[in-house]
Structure formats: structure tokens, C-alpha cells
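Shown here is one chain on its own, the form predicted alone, set out as C-alpha cells.
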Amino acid sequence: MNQPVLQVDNLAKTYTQYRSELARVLSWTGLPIEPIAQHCVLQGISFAIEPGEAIGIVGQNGAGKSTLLKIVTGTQQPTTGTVSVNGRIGSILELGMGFNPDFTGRQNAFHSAGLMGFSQAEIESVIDRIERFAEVGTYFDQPVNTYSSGMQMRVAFSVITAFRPALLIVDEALSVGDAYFQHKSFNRIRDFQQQGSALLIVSHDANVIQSLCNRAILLDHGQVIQDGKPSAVMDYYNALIADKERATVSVKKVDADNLQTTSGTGEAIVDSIALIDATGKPTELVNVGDLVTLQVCVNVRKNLPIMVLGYMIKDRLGQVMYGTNTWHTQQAVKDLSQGDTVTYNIQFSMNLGPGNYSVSTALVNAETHMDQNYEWRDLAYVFEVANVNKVKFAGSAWLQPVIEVS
């Protein structure tokens, strides 16, 4: 059995406030100095990462994500608990942090890699590779104070990933880069994972978590409240955002592999949902390109001034293939009475690739669910797309081409 690359056991971090710095120093000597306040940032955090495994850490601001990463990388010490690392950590937290603005990119590359523990000879053996990957051209030999934030990110990422680590930690820093370099960076991250590196990724981007990770951990107020499949954890995370009081968030098992998360006030609910084929019959198996109708019937349980229906189609990993709502289509329904029924017939061509998909629905009062969330339901409907009669193709979308050969 492989030894975990990272083992976190019962981790806790509490910040203590004293009346003065003198009182703080005296407390270190063992004197019974009473603090004036204590703030618990992390409590009882435990998890392990195996070689090649990728774990996403998600949570709202203040959940404890940054503190957890700082403890794992050794820049902070826990109050209680232990962190064990088997191998070298490469951390991409605050890219460019530690760069001397008066040094060139090349000089900073040597300096940063030296601080990571690599010898002059080792750095010289990869410096050309660092320069090529960063793709900043002649700026590599110019002072960093002339760089944009994206250029700093390119050089920093290239340095940190010049040597494959046992554990690669990635924070939101990669969001600074342009789309081209983000794709390039994530390809390198995937290559590391295939070679056995473990990944610990913090991001608010659900697509990043669900495409790179095979497990996700949701932190809230310093505690782990969900640990499981990325799609299920992200669904629960979205429900928490939609329902800040958490009084109405519920989770139920819909099959052996999937959990359905529902939240909202219940003032309006989806009574039924179905996918209708061209013959008018409900179906759960659709041919690529076929015309279908998503029929959503809503029961209004309380007088409402306005109601908006939103829906998203997701793939099996929970990545959104398409989504919109009746706010954007200017079809919000107004002045509803208790007991009303509203039926939505949404017609579209199923231009998706073969695979399993799900529909999520949202009943709200505005453009998003952040104001008033009547009901948010994930995995409201599950269906399969099959390629029955189209030319074979790969991917998540059917983009039928016309190819001319001359």
C-alpha cells in the first residue's frame, strides 16, 4: 500500500489576542496570562492524499482555506494536530511573492529555486526550460518591476514546476494568467498527476475542481462539512451560498453514486420535470442532435411578486454544458398567487456528445439565486445522450462540420 503524500490529523489553529505584546511574550514563559480574545480558524481537520490523487478545497471566504494551506506548506504552525509530508512540496499560493522587483526574471528564477533547496548546477540544468515555458521573451532578462501580474505568474509558475514535486499545491493564483497560459499550466499539472504527483487545489472555479480533482473537501467556519465526489460537494457548496442560514439545505441519495442537494424557502417548487422527444413522449435517452423539450412544472406555494426559472445542463463530472434563466430571456413571471401552476417548455437541439448528463433547476426572484432562493435543486433530472446515426466524433459538443477537400 502506498504511503500518503500528505497526512493531516486533527488539525486546529487558534489565534490568541493579548492586551499587549509584553503579555504575549510573558505567556510564552508559561505564566498564566489571560488572553482577551481567541479566534478558532481551523478545528478537527483530518484527511490524507495518496500519490496521483487530486483533492480540491472549497469554501467561502473566511472558511479557513488559506490558513490550512499555510500550515501544510510550513509557513504557519498549528495550535494542535500534525501534518506529515512524504516528499517535496511545490506551492503556487501567491505567485511572485518573494520576487525581488529589481532583479530580472532570470535572477529571480535562480534565487527562488535556490530557496526551494536546489543547487546552482540543478538550476542551470533547467533554466532554459523555465525560460521557454514562461514565454515572456526578452522580459526574462529585464527587471520584474516592468512585468504585468500575468508575466510574474508565468515566471513564478515555470520556476515552481521546473522540478516535479511529490505534492503540488495550487491556490487561486493561476486565475491571474491569460487563457492560453492557464491551459498550458493545467496541462503541466495533469502531466505531474499522471506521473504520480498529488494535487491540493483551492479554487472557487467549479470547472477547475471538477475537471482536475477526484475528491473535494468543503470547509465552513474552519470545519470539514463535506468530503466526497467533487460534483456532490460543489452542489452542496452552491446550496450553502444560496441559503446562507442553512435552514433549508437538504441532501438525499438518488442512486448508489449520486447525492441530490436541494435548498430554498419552498415558496415555489419544481413539481415535475421531464425531457420530451419529438413524438411527445418522455425520454431519458436522446440521440445526438435530436430536437427535445425540457418541460418543467412549478407549483407556487405562496403569493410571489416575481419568479424566475433557471436551469443548467451538467456532464457526469458536474461541469456546466449550458445554462440560462428567464431573467436573461426576459420571461420572468409576475404577480403569482398561492396554488398557481407554471409550466415551462424549453425546446432545443441536443447538440451534446454521448454521455450521461443531469439538469439542475433554480427558482428565484432575480438574475441570480443570491437574493431570494425559492428552490435550488441539483440532479433534478438525469438523462443519457447516445450517438445513434451521426458520424463518429469526440468531445462534449456536436459541432457538425462541412469539410471541403481540394
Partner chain sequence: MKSLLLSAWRYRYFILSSIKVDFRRRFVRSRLGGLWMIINPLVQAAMFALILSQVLSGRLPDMSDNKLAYPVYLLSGTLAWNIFTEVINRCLTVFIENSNLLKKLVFPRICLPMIVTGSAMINNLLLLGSILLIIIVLGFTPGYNVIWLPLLMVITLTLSLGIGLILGTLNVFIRDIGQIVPIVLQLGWWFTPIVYPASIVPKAVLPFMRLNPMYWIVQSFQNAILFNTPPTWIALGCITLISLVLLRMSLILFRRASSEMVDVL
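Positions refer to the first chain, counted from 1. Everything quoted here is computed from the prediction, not taken from an experiment.
The form predicted together with the partner chain is left out here; the points below concern that form.
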Interface membership of Gln195, the partner chain in the predicted complex, 4.5 Å heavy atom rule: no
Exercise: Val25 in contact with the partner chain in the predicted complex, heavy atom 4.5 Å: yes
The partner chain contact at Leu115 in the predicted complex, heavy atom, 4.5 Å: yes
Asn187, heavy atom within 4.5 angstroms of the partner chain in the predicted complex: no
The partner chain in the predicted complex: contacted by all of Lys229, Thr279 and Arg316, heavy atom 4.5 Å: no
Partner-proximal stretch of 265-273, 69-77, 124-132, 219-227 relative to the partner chain in the predicted complex, 4.5 angstroms, heavy atom: 69-77
Ser149, Gln107, Thr293, Thr82 - the one with a heavy atom within 4.5 Å of the partner chain in the predicted complex: Gln107
Option touching the partner chain, based on a heavy atom within 4.5 Å in the predicted complex, out of Arg164, Lys302, His328, His111: His111
